[in-house]
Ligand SMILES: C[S@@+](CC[C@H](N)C(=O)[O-])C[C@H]1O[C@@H](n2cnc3c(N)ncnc32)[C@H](O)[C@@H]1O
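This document starts with one chain, in the form predicted alone, laid out as structure tokens.
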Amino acid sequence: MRIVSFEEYSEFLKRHEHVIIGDKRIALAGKKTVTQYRPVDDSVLQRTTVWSFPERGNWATHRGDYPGNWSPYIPRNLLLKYTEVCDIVLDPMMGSGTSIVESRLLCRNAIGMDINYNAVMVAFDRLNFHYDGCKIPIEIRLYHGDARDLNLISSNSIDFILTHPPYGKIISYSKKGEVTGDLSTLPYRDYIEAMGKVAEEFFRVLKPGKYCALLIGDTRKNKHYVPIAYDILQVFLESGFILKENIIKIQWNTTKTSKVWSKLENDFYLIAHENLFVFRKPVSESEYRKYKFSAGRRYGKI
């Protein structure tokens, strides 16, 4: 991990009008004027385990131009459910910084990180707006680093983790060899193994009794279903987490589904959902054992 300063971003901005993420060009706009800091209807929170956001959300500096970024409604709902003002929030695969922007708007301290330096610059750019909605001071820190090694974050120090990791190679966030360790470029078995290391680091830095949320989707290979989400679920359970929620998030306007598969007659159903897992770090080994055996599962370190 290496902390990146706003001054470093400012110098980068002098030399670059855009960055490349995967095969997409993302403009850097510099200081922005924001007139809308929250969704138009900010009173309705999700109350069931099926979430659907037909409109992805474009308040503040949120945009749909970054490949694979999640709707800001997702981190907003999670932050309002699982955190309090001034809590320390971590997104170590932040991409364009959607969850960090929401953390700032909701007056949470936030740590954002990405393995792709260009993504860190995009996140800084999305945070580059005036906001005086917090009556108490908060701190936002951005890092360039790998989620498998959170070496600058102390154990048991984070109140909430939320992130939207790559789904294997479904979307590539960098070209092969361009970003060392980019999970979106790894073969599937290596990707699952890497996510196991991510889970161990998440477990280490999270406070006991606190929550960790991941949005993850599945894919098909040779027309057969590849359950990426459930492979990830397994490695997180084996790292010691307890599963609090499995939320089904309906997908809208997916590029591959809308432009390719939907035009064809297929012998399979189109994947139109993602899994939003919410994990809890148990407060003790005895609590974990109780959960493990009551769930009828044989997994975990214990």
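Note that the structure is a prediction, hence the values are computed from the model and not measured. One rule holds for the numbers: they count along the sequence shown, beginning at 1.
Unshown form predicted together with this ligand; subsequent notes refer to it.
*State yes only if every one of G68, G145 and H164 has a non-hydrogen atom within 4.5 Å of this ligand in the predicted complex; otherwise state no.*
Each of the three qualifies.
*in the predicted complex, which of 131 to 139, 151 to 159, 69 to 77, 224 to 232 comes within 4.5 Å of this ligand (heavy atoms)?*
Careful reading of the contacts points to 69 to 77.
*asked:* I need to confirm a contact call. Of M94, I111, M121, A213, which residue comes within 4.5 Å of this ligand in the predicted complex, counting heavy atoms only?
replied: Going through each option in turn, the one that passes is M94.
_Whether G181 contacts this ligand in the predicted complex should be assessed with a 4.5 Å heavy atom distance threshold; does it?_
Yes - in the predicted complex, heavy atoms of G181 and this ligand come within 4.5 Å of each other.
*L105 near this ligand in the predicted complex, any heavy atom under 4.5 Å?*
So L105 does not count as contacting this ligand.
*Does this ligand come within 4.5 Å of any heavy atom of I115 in the predicted complex?*
Looking in the predicted complex, residue contacts with this ligand include I115, since a heavy atom lies within 4.5 Å.
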